[in-house]
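Presented below, as structure tokens, is a lone chain in the form predicted alone.
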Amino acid sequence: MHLAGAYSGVTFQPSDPDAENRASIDAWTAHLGLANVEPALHIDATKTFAPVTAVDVVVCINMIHIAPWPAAVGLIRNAAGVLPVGGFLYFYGPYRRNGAHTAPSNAAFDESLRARDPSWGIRDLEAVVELAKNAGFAAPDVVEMPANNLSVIFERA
């Protein structure tokens, strides 16, 4: 909602596999009067981005650590299928680097995620980069963010 409010000339297509989350997205869109946000779609990243077939940017905020690894694999595969050369895939969230957590708070968060669901957890940045490289993305720009998070920005090669 923040990005849509800041970039009124850009059309946003939110998605979530959970109906309650989609209803929340749509309610916030209506509450804020954002004309540039489409109704939220049910998309399971492990399967397909259908009905979405072409976009300029795919934004993924705080998802791949609160989902099974196949969601990250599918998200990157699907992004490669809908982005043009020069399009961007943007990830935001916590990552491990070189097999280690970047902060004690991230290690504790990872432990709590895995206790809730063993298929969840903070991902190794290098594994995400390798997936993206194999899907046709250039090496990412990595930007340190507050609260031990990273912005990881891939360009479709």
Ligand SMILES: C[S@@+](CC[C@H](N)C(=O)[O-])C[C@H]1O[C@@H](n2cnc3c(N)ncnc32)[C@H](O)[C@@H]1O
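Quick caveat, the model's predicted, so the values are computed rather than measured. Start at 1 and count along the sequence shown; that's the residue number.
Below, we refer to the form predicted together with the ligand, which is not included among the displayed structures.
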Is the ligand close enough to Thr11, Val37 and Ala54 in the predicted bound form that each of the three has a heavy atom within 4.5 Å of it? no
Sort through Ile43, Leu125, Ile122, Leu131 and report the residue having a heavy atom within 4.5 Å of the ligand in the predicted bound form. Ile43
Heavy atom within 4.5 Å of the ligand in the predicted bound form, from candidates Ile61, Ala115, Ala50, Leu32, belongs to Ile61
Ala71 near the ligand in the predicted bound form, any heavy atom under 4.5 Å? yes
Asp18 versus the ligand, in the predicted bound form: is there a non-hydrogen atom within 4.5 Å? yes
Looking at the partner-bound form in the predicted bound form, is Ile66 within 4.5 Å of the ligand by any heavy atom? yes
Within 108-147, the residues that have a heavy atom no more than 4.5 Å from the ligand in the predicted bound form: none
